[in-house]
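A single chain comes next, written as structure tokens; it is the form predicted alone.
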Amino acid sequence: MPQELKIVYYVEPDAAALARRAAQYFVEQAERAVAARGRARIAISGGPTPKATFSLLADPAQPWRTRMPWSQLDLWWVDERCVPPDDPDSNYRMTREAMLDLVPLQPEQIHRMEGELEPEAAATRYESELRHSFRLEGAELPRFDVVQLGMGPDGHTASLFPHTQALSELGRLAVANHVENKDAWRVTLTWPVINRASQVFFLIGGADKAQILNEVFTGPRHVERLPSQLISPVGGILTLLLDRAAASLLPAPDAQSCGVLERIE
């Protein structure tokens, strides 16, 4: 049966305001999860836009540092490049430098993808850790409280790139995915796992994302070419946090800088 997806987007004037909005969103969702279940399980993505947010979360001069329930947080990654954890291209390294080295998270709360391993071994290890931590049985999927995504200029999200094998994977939790046009391997959560989360949001900034963002969310469905269109959370609501430049081709938001799109999946 077709599902109606409501896409709610919030538009901030610039990159700095977007980072503040995202920090607030992370804290609010973590607080909500802890209040409901005693734990917040969050999966994050890499890139310069979330890096600014992570720096705010770690800054003792900011209110989010003291509000975040660090001791009740489990941090996971949506995807990772197949590089060592100290490599400049590592999503883990970026997060460690921006936030992890500065906040009171214990090693057992940090669940990184081991990009230094052979790609399939790294994916298998991550799936095993997910199954153990979430106490999954059989074909059961983990349910993250929050999944934060970005979007590339080609319409990819996580490491679900156009016309790659991972787009057709329905049974695995994490897979190794070869990206031919980059001649590189990535490890990524699969899209059914992402869609199972309680809250899924895209964090997107910059004028270079305006065209592809508009195409993904208002254009015809073509998931092989635009993998971000695979993201359709089971709750029926997808959130976008955007700056004005990225949102410039979407319908103008209301006076509260909020807009709504609806799509039949």
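Position 1 is the first residue in the sequence shown; the rest follow in order. Remember, predicted model here, so these are calculated numbers, not experimental data.
Keep in mind the form predicted in complex with 6-phosphogluconic acid (6PG) is missing from the figure; the text below concerns it.
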> Since the chain is shown here on its own, which stretch among 34-42, 236-244, 47-55, 65-73 would lie within 4.5 Å of 6-phosphogluconic acid (6PG) in the predicted complex, judged by heavy atoms?
Replying inline: 47-55
>> Residues R81, M151 and K209 are flagged as a possible site; in the predicted complex, is every one of them within 4.5 Å of 6-phosphogluconic acid (6PG) by some non-hydrogen atom?
In response: yes
> Of T190, T157, N177, T95, which one comes within 4.5 Å of 6-phosphogluconic acid (6PG) in the predicted complex, counting heavy atoms only?
Replying inline: T157
